[in-house]
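Below, in structure tokens: the form predicted alone, a single chain.
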């Protein structure tokens, strides 16, 4: 079962169908069970029933998740595979002490996968949808997997099974989420 964490500013916000719903649909269509939990919910607990966690994106200026220290401790302390998407990538980065920098981008852009990986696959250039106002400035704990002319687009923790993608794979690259789910099923 995949734990899908909603990082939107409040539970059942208008952004949930845009950023959380498509991820849940991908997980469901992959044949995997899932549970959606809002990041501020008292039900945010990582039990034995889960085999992976996906942290969803948020609307462009929705940064309330950055105040949730409980979320950061969960990300850093669990041993399960984690994938952070856009704001989720930022949450992963903050949990491990990386910094954020302003970087507004919207629309389809070319992304170069520069390091072969279980989730991103082989080295190549893909088109991906981006909608973000911040990017991460990774520390030494992260390996850069993909980049664009604007900066890094995907990272993996050097030791833990933790990934972050700045682009939104739910738009045109569902295979990224499916590869992560397959990794979790091992």
Partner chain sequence: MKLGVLFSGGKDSAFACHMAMQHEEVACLISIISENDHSYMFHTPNVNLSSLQAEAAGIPQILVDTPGEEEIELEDLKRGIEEAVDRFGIGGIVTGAVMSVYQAARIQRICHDLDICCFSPLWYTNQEDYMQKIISSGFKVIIAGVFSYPFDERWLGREINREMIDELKILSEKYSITLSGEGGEYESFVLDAPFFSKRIVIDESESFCRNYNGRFIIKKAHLEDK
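Residue numbers count along the first chain shown, from 1. Note that the structure is predicted; figures quoted are calculated from it, not measured.
The same protein also has a form predicted together with the partner chain, omitted here; what follows describes it.
Checking 64-72, 123-131, 146-154, 35-43 against the partner chain in the predicted complex, the stretch whose residues place heavy atoms within 4.5 Å of it is 123-131.
Residue contact check for residue 110: none of its heavy atoms lie within 4.5 Å of the partner chain in the predicted complex.
Using a 4.5 angstroms limit between non-hydrogen atoms, residue 160 is distant from the partner chain in the predicted complex. Within 4.5 Å of some heavy atom of the partner chain in the predicted complex lies at least one heavy atom of residue 9. Using a 4.5 angstroms limit between non-hydrogen atoms, residue 60 touches the partner chain in the predicted complex. Using a 4.5 Å cut-off on any heavy atom, the residues of 1-40 that reach the partner chain in the predicted complex are, in sequence order, 9, 10, 12, 13, 14, 15, 17, 18, 22, 25.
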